[in-house]
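Shown here is one chain on its own, the form predicted on its own, set out as structure tokens.
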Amino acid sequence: MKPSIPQGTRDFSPAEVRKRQYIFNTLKTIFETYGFQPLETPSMENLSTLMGKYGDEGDRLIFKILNNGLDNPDKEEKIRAGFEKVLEGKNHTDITERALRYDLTIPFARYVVMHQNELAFPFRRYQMQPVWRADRPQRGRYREFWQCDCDVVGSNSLINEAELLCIYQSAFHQLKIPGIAIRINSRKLLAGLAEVAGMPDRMMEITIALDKLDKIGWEGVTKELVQRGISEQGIRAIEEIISISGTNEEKLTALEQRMAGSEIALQGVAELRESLAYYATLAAAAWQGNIAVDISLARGLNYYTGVIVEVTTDAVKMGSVGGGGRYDDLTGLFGLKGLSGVGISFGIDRIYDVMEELNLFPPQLETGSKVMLLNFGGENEQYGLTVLHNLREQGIAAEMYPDAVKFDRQMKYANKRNIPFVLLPGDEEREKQRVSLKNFTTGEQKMLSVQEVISLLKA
């Protein structure tokens, strides 16, 4: 059988893993600087934990796990019977009770509720783990991919929104990704948009349609709004509002005027204005122009209730590389009412693809070892192992070719691995208690003491 992997998944080579770790380590350093704490949760959750939290479309993308009844013949027979009913198009609850996590936010809310008596609130956490979605694989979209979240739960302050915006800007600045644009909106404005359209009870239908604006354009959104039962007059009102342009303050002022009859819309405008004011105080001056109020931004997940945000880059044709928002009562889904939170997520796989296409990874990530010792066998092998030990004791990443094979074969191996330095512990070097160091970049070779080699490699 020809080996393969499931569609929508990927293997990562050593070089690719190092590049991904570079992204993770950059983000981890930023999160820690902002006072966030690390957290991990299981790959699988109870199905009841996940279902009903992401909307109808999200629920369909949850990977469900088939129950295992092999330890109980009666249970196994029941599961098989249930599975056959599902194949016939009938619902049956006995065949699955667990699922792979769809995102990191719902498991985080579940964790907070389970450990509420142990946590100090506000609780600031970051989490980097894979998630799974039964989506159609395409460029930048996978069935298994990593998310990287940071959230604050237990605080209503809009300072949190501003800090998360700063984290986005700091991260993409340090990763050197060009063309970053951050769009910001409020689900309260979207609720007000539904009121202005004369259909306050159809906010979710309007949101789901608007969420596709970048993909299908306004004409496509219009068709979907019609299909969802939005009136022609309501569609015109929506178009008029999402077409508002200008600076952020000009947009907010215009929204106040045109949506003056909607109390919830005015709350959304006030929260956006306050979040941007906090951000102006916290952020570097060079970052100020990258954030734009966008009334068409929807973020389709059901649990968002306040400020929402999405990050894109125009340097590569790609979907969003980050997004998030405020959720006022996410923990209420698990019985803990009145605990507001806000969080953002980084799309690690898309960020990786962007950086790879733009060649943004530092070249030194391509190898783990800084130096390789050639193996000349016999006493020279023993001498080489002693030198190898001394290098590692000084914290220098080093390896020795394990077999005493031809010189050319060992040099080709080092070159293919992109190891920058090679040490030659031959007869003369051993007798003089020295080693010859070859620099693969310059081609220069010279004989040095082991201590001189250590000093040079550390420098």
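Computed from a predicted model, the values in this text were never measured in an experiment. In this text, residue numbers run from 1 along the sequence as written. Take the two forms, find the largest set of C-alpha atoms that superpose within 1.5 Å, and that set is the rigid core.
Absent from the display: the form predicted in complex with the RNA. The rest refers to it.
Tell me, please, which stretch of 237-245, 152-160, 313-321, 258-266 lies within 4.5 angstroms of the RNA in the predicted bound form when heavy atoms are compared?
Single hit among the candidates: 313-321.
Among L424, M51, M44, I396, which has any heavy atom within 4.5 Å of the RNA in the predicted bound form?
By the 4.5 Å criterion, the partner-contacting residue is L424.
Only one of R350, K188, R110, R125 has a non-hydrogen atom within 4.5 angstroms of the RNA in the predicted bound form; which is it?
Of R350, K188, R110, R125, the residue with a heavy atom within 4.5 Å of the RNA in the predicted bound form is R350.
Would you confirm whether the three residues R101, Y327 and T386 all fall within 4.5 Å of the RNA in the predicted bound form, going by non-hydrogen atoms?
Contact check failed for every one of R101, Y327 and T386.
Report yes if any heavy atom of P363 sits within 4.5 Å of a heavy atom of the RNA in the predicted bound form; otherwise report no.
P363 lies outside the contact set for the RNA.
Considering non-hydrogen atoms and a 4.5 Å limit, does the RNA approach I208 in the predicted bound form?
Contact with the RNA, yes.
Using a 4.5 Å heavy atom cut-off, state whether F145 contacts the RNA in the predicted bound form.
Judged by the heavy-atom cut-off of 4.5 Å, F145 is in contact with the RNA in the predicted bound form.
Given that the RNA is not shown alongside this chain, does S455 nevertheless sit within 4.5 Å of it in the predicted bound form, heavy atom to heavy atom?
Looking in the predicted bound form, residue contacts with the RNA do not include S455, since no heavy atom lies within 4.5 Å.
Who in 379-412 is close to the RNA in the predicted bound form, meaning a heavy atom within 4.5 Å?
K406, F407, D408, R409, M411, K412, in sequence order.
Core aligned, does the CA of E224 move at least 2 Å between this form and the one not shown?
After core superposition, the C-alpha of E224 moves 2 Å or more between this form and the one not shown.
With both forms fitted on the core, check whether the Cα of K438 differs by 2 Å or more between this form and the one not shown.
Indeed, K438 is displaced by 2 Å or more.
When you overlay the rigid core, is the Cα of L448 off by 2 Å or more between this form and the one not shown?
It does, since the L448 C-alpha is displaced 2 Å or more between this form and the one not shown after the core fit.
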